[in-house]
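The chain below stands alone and is given in structure tokens; this is the form predicted alone.
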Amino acid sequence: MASEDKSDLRSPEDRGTTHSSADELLHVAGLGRKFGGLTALADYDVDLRSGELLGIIGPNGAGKTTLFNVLTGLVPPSSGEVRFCGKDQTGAAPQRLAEVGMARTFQNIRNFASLSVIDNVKVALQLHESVPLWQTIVGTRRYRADQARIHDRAVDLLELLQLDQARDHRADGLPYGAQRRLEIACALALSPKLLLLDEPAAGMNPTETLELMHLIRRVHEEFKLTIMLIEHNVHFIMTICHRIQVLNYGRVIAEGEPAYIRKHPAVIEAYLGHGASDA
């Protein structure tokens, strides 16, 4: 594909939109990642405002998960800059990024299979605790109060994710859709400012997918949470996301509102199929 002005990749509405740095949560410029001679991600840019819900689509091998892995510190970038909450976090470790407010889920569920549902959430909540080890061993009043608060918070999250009835079950005994919701509950336990969801509807049946769409909308609204969402289900993305980026061969080929993306010729050719513009 011939090189083109990046401003032409955005919808006309987006080109005319400006915002102050005060509401900018994530700024990414020129982000790239190479694996040997393979370019998995090239010259990726995004400015994400607080409270935004950004969808990212693209065919297999487009660089979507590589993007998330670079943003969350699992893979170092080969080039580019990542600023989060106004500070340079380029190449920061995953633990550091979690501490400053960036949480994610994965294509392959990573719950603690042998732990109970509620203990999975408690483990995530404990990451924010600063109780010294000796207080934990002795069982001080502060420790007991913290544990009670963690338990109550875990119950609240499980109720939100409709998992409260299964809180004492082993995580690996849950239906697949419930395991996905548990992973989201654990991510929310980190109190993130930015939540990255990597194909959350993967493997779900249509009923579970519809329930997940409603859940993400609710989480987005109730937590005033900024979300980046990768998904192969185009209807899913088109329905809940305010803005969509389309990746192909590691590059953004289009960006804008769902109506703009749905009819974009490059998107139709690369991902949606020639009949998509009539959908």
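Residue numbers here begin at 1 and follow the sequence given. If you're wondering where the values come from, they're calculated on a predicted model, not measured in any experiment.
This next part talks about the form predicted together with a small molecule, which is not shown.
Q: Of these, Met228, Val70, Cys241, Ala62, which has a heavy atom no more than 4.5 Å from the small molecule in the model of the complex?
A: Contact residue from the list: Ala62.
Q: Please tell me whether the candidate spot formed by Leu38, Thr66 and Glu199 is one where all three residues come within 4.5 Å of the small molecule in the model of the complex (heavy atoms).
A: Verified in the model of the complex; spot residues all in contact, yes.
Q: Taking the small molecule as it sits in the model of the complex, is Gln147 in contact with it (heavy atom to heavy atom, 4.5 Å or less)?
A: Looking in the model of the complex, residue contacts with the small molecule do not include Gln147, since no heavy atom lies within 4.5 Å.
Q: Does His235 make contact with the small molecule in the model of the complex, using a 4.5 Å heavy atom cut-off?
A: No, His235 stays farther than 4.5 Å from the small molecule in the model of the complex.
Q: Whether Gln107 contacts the small molecule in the model of the complex should be assessed with a 4.5 Å heavy atom distance threshold; does it?
A: Answer yes; at least one heavy atom of Gln107 falls within 4.5 Å of the small molecule in the model of the complex.
Q: Report the stretch among 30-38, 220-228, 43-51, 206-214 that approaches the small molecule in the model of the complex to within 4.5 Å, counting heavy atoms only.
A: Among the candidates, contact is made by 30-38.
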